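Read the single chain below, which is given as C-alpha cells and is the form predicted alone.
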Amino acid sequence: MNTGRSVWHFFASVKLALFLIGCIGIGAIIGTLIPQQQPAGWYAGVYGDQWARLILVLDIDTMYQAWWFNSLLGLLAINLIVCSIDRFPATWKIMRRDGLADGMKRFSGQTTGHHISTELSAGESVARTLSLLRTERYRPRSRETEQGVLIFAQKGPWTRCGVYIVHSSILVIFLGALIGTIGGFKGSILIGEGTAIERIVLRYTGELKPLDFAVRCNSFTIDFYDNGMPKEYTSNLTIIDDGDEVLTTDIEVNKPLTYKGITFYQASYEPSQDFIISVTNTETGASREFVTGFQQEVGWPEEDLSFGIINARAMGPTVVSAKLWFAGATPTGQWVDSGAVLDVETDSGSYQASVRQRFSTGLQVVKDPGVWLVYGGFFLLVAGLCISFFMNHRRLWILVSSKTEHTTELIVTGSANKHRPAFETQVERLAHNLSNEPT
C-alpha cells in the first residue's frame, strides 16, 4: 500500500512535470539544431565519427520518432492525468462549497474587512447590498444568523478549472498527434507535366505508398524575378478516381488541394530537358501539344507539318527562350520567349506556336486524421492559459446587523485565489458604495 502511494505521489509531483518539460524542451532544441533524416555519412562528416555514432544510437537523427523522446511525452501525459485526478476533487469541493454553510466562523476568518455604519434599516441595507452585488455581476445569497443577516456572493468559481483545461489541452494535442502518427503519413511526389502517379514516397522510410486514386499534373507555370529567382509557381492538377476525372484545380504554395483526407502542398519544382510545343492552325482551329527533346524533330502528320527546337537560351537550369524550326517556313527558325506566341507561315498553312520548358511539380503529401484534435487542443490551451492567468475566483461575505433603532452596521470582507491587490481594491470600492447613503 505504501509503495502504491509512493508511486502515485511520484507521478503527481510538480517537480516531475517540470523535469519532463525541461527534458522535452532540450530534446526539441537538439532536434531543431541537428538536421534530421540525413545519411549516416553526412553526420560523420559534419560532427565526427564519435558524435555521429551517438546521434544514430540515440535516434537524434529522427528525434521526434525516437523511443526515448516519445517515452518522455508518455510520462508527461501520465503525470498530467495523475496530477489532475489527485488535485481536482479538492478544487471541486471549493467550487461547490456553500459560502453560508460555515456561518460566522468562515466569515470571521477573512483577513480583509471594512466596517460601515449607515442610517438605513437592516432590511433596507440588505436590499441595497444585494442590488449592488447583482450590479457587479455577483450572485448573492443571504441567511439569518444570531448576529444579523449574512450575505455571501461569489464570481468565477469555474476559473479554478483553468489549470485542468490546460492539462486536458495537452492531452488532446498528444492524442491528436498519436492518431496522426498511427493513421496518417507524410511523403512527397514528383509529377511531370502530362503524367499521372498513383504512389508517393514516404518521408522517413523512403517506401512507396500506393494511393487509391491517381493525380495528374496537367500543366505547371512559373514566374521569375528579373534576377532569375522564382517568384511564384502554380500546378494544375486533376484527381482521377476509378477512371473518372473527379476534380481539377490549381494549387499554389499557400493553396493546397485536399481529397479523401489527403492534402497535396505545392513544395518545389524541377525543370527537365524536354519542351512542350503548342501549335494551332489559325485557319481550321486545329490545335495540339507536343512533348519533344532538344534538337529533335517532331511531326504532325494530319497537318503535314514538321518542327523542332534547334537552340535555346537559359538562365541557370531554366530555359527563357527557344529557337523554333518549322519545315517549309520562311525563315525556318525564329526565337520565341517562353510562353509567348509566334506566328508562322509554312507551305502547309498559317500557324501560331508557343514553346515552354517542361517541368515536374514537387508536392508534399500529408494525411493527418488527428489534425483537428491538435487544433482543438491548441484552442483549449490558449483558453486555459487565459483563464489561469487573467481570471480569478472572488468571494464576498457581508454581515448586516442592527446596532440601534436607526443605525445599521455592515462588515464587508472577502477572498480571491489570485490577483488579490486588485480584488482588495474592488472590495474597497464596494464598501465605499455601501457607505454612501442613497439619494
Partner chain sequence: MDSSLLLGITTFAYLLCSLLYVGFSVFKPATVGRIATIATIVAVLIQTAGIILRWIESYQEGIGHAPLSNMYESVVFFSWTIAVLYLVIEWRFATRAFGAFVMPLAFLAMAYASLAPINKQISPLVPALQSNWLLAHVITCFIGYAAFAIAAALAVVYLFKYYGTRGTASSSDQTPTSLPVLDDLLYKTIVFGFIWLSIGIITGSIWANSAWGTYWSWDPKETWSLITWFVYAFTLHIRYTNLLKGPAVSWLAVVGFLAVLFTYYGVNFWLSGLHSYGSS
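Numbering follows the first chain given and starts at 1. Computed from a predicted structure; not experimentally measured. Between two forms, the rigid core is defined as the largest C-alpha subset superposing within 1.5 Å.
The same protein has a further form, the form predicted in complex with its partner chain, not shown here; the description that follows concerns it.
Enquirer: Please identify the residue among Trp335, Tyr225, Trp158, Trp92 with any heavy atom within 4.5 Å of its partner chain in the predicted bound form.
Expert: Exactly one listed residue reaches within 4.5 Å, namely Tyr225.
Enquirer: Quick one: of Arg134, Lys231, Arg143, His115, which gets a non-hydrogen atom within 4.5 angstroms of its partner chain in the predicted bound form?
Expert: Selected option: Lys231.
Enquirer: Among the candidate stretches 51-59, 391-399, 29-37, 406-414, which one is within 4.5 Å of its partner chain in the predicted bound form when only heavy atoms are counted?
Expert: This holds for exactly one stretch, 29-37.
Enquirer: Evaluate Ala286 for contact with its partner chain in the predicted bound form, applying a 4.5 angstroms cut-off between non-hydrogen atoms, and reply yes or no.
Expert: Ala286 lies outside the contact set for its partner chain.
Enquirer: Heavy atoms within 4.5 Å of its partner chain in the predicted bound form: does Arg358 have any?
Expert: The answer is no: Arg358 has no heavy atom within 4.5 Å of its partner chain.
Enquirer: Is Gly308 close enough to its partner chain in the predicted bound form to count, meaning some heavy atom within 4.5 Å?
Expert: Flag for Gly308 set to no.
Enquirer: Should Lys186 be counted as a contact of its partner chain in the predicted bound form, where contact means heavy atoms within 4.5 Å?
Expert: The answer is yes: Lys186 has a heavy atom within 4.5 Å of its partner chain.
Enquirer: Listed by sequence position, which residues of 334-373 have a non-hydrogen atom within 4.5 angstroms of its partner chain in the predicted bound form?
Expert: Stretch hits, in order: Gln364, Val366, Asp368, Val371.
Enquirer: Once both forms sit on the same rigid core, is the C-alpha displacement of Leu399 at or above 2 Å between this form and the one not shown?
Expert: Moves: no, less than 2 Å.
Enquirer: Could you tell me whether the Cα atom of Ile34 shifts by at least 2 Å between this form and the one not shown after core superposition?
Expert: Yes.
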